[in-house]
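First comes one chain, alone, set out as structure tokens in the form predicted alone.
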Amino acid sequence: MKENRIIEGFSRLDKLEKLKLIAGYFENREELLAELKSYWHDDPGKQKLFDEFSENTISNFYFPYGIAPNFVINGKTCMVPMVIEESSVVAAAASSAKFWAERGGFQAEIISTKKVGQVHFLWKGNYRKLLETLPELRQKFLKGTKNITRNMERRGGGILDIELIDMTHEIEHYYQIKALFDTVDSMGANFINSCLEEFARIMKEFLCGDDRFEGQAKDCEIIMAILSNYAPDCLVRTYVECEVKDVKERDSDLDPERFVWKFQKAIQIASADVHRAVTHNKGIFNGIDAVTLATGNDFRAVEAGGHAYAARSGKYTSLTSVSVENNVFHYELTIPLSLGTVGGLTSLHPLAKISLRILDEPNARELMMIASSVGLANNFGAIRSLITKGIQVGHMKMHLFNILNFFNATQIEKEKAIQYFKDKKVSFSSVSNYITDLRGNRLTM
């Protein structure tokens, strides 16, 4: 690639001009152009739609779209679409789904669906007077956002509560207008942010025009108005349970009692040690993110909120808990999940719409329960592997194809490699040696 330089007016170029400019930085210009263009959709209309999802687009970046079957959630069986590049994740979800389908399936419930938004501002005026006028200001907020909230209220959602928060113990003169929202089946980011920006305008106007705050309006400085991706009151609880004797592993020498004992210890470690907790929770998000992506939701917001929730006590810890009472094994996940099934990419992306059809058109609450069930399934599968045969056996078996593709293995070479590694440990070096030997033997035959 050529040396870096500042590019002026890049966003004003059309797609092909952008592509040619980027390719011009490389020696194999025409080859790179052809490669990037090869990932364009054959349907120009669909490609235009994809281009408009983002900014400065020059091509499409493909991820595998897979299905994990046999998920039984609250007695209903479903096939779950998953978008993820880590090969073992879908396999682990499917394996755990089948395991628990034979033991009653996943049980899930919505604890609450409240989302948070804030107007952050500095106020050097009389706080007590501002607090006293909050009921009046609240009514102005509700009236002033009626044109925004009307449709949401018709669907059963809207603004639930508004309060004034004193944050001066953290930052001098810092306060918040904190609002709670219910956005029903939409993710609601645009709805919440529109309401909050209107709150900010109304508050500034109120302070300027009210005699009780004469001379103090200049003491109110709006810093920003924005939703929070931390939604500790938008919670879903999911669990699996069965008698200890039924937690029998077909491929393990561990008896059920020993399996459950090791499982409990693994969760205790994830609760006690932050290094283990991060990887433990990542196993949950393997499943949740894959469903979130497949349905056109914001996996970055889900991740940020979930990790914050894991640290709500002041210490980052496991999002799951395990118990054994009356000889019943119980494994549970409680997590904030802000998901939607209408609006945004869920309504625009063709595959997101297909995903929702595959899931039998769930509402937002149902999608929360599906995603959390998949997260718990992936986490259970990971712990099951860790305490029995080890994570690398299954993971590297699934990764075998990626390694073979790295070496441009032919179909015949892949079939031979699958047979060869059926009872052997897979690693990059072992596959490399095998392919080298296979090709060397073929040349000398």
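Residue positions are given as counts along the sequence shown, with the first one as 1. Bear in mind the structure is a predicted one, so any value in this text is a computation, not a measurement.
Here the subject shifts to the form predicted in complex with a small molecule, a form of this protein not shown in this document.
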| message | Can you tell me which of 302 to 310, 283 to 291, 110 to 118, 334 to 342 lies within 4.5 Å of the small molecule in the predicted complex, counting heavy atoms only? | response | 283 to 291
| note | Only hit among 163, 86, 210, 166 for heavy atom within 4.5 Å of the small molecule in the predicted complex is 86
| message | Please tell me which of 138, 349, 178, 276 lies within 4.5 Å of the small molecule in the predicted complex, judged by heavy atoms. | response | 276
| Is residue 382 a contact residue for the small molecule in the predicted complex, using a 4.5 Å heavy atom cut-off? | yes
| message | Under a 4.5 Å heavy atom criterion, is residue 49 part of the interface with the small molecule in the predicted complex? | response | no
| said: Although the partner isn't part of this model, could you tell me whether residue 36 comes within 4.5 Å of the small molecule in the predicted complex, counting any heavy atom of the residue? | reply: no
| request: May I ask you to state whether residue 386 is within 4.5 Å of the small molecule in the predicted complex, using heavy atom distances? | output: yes
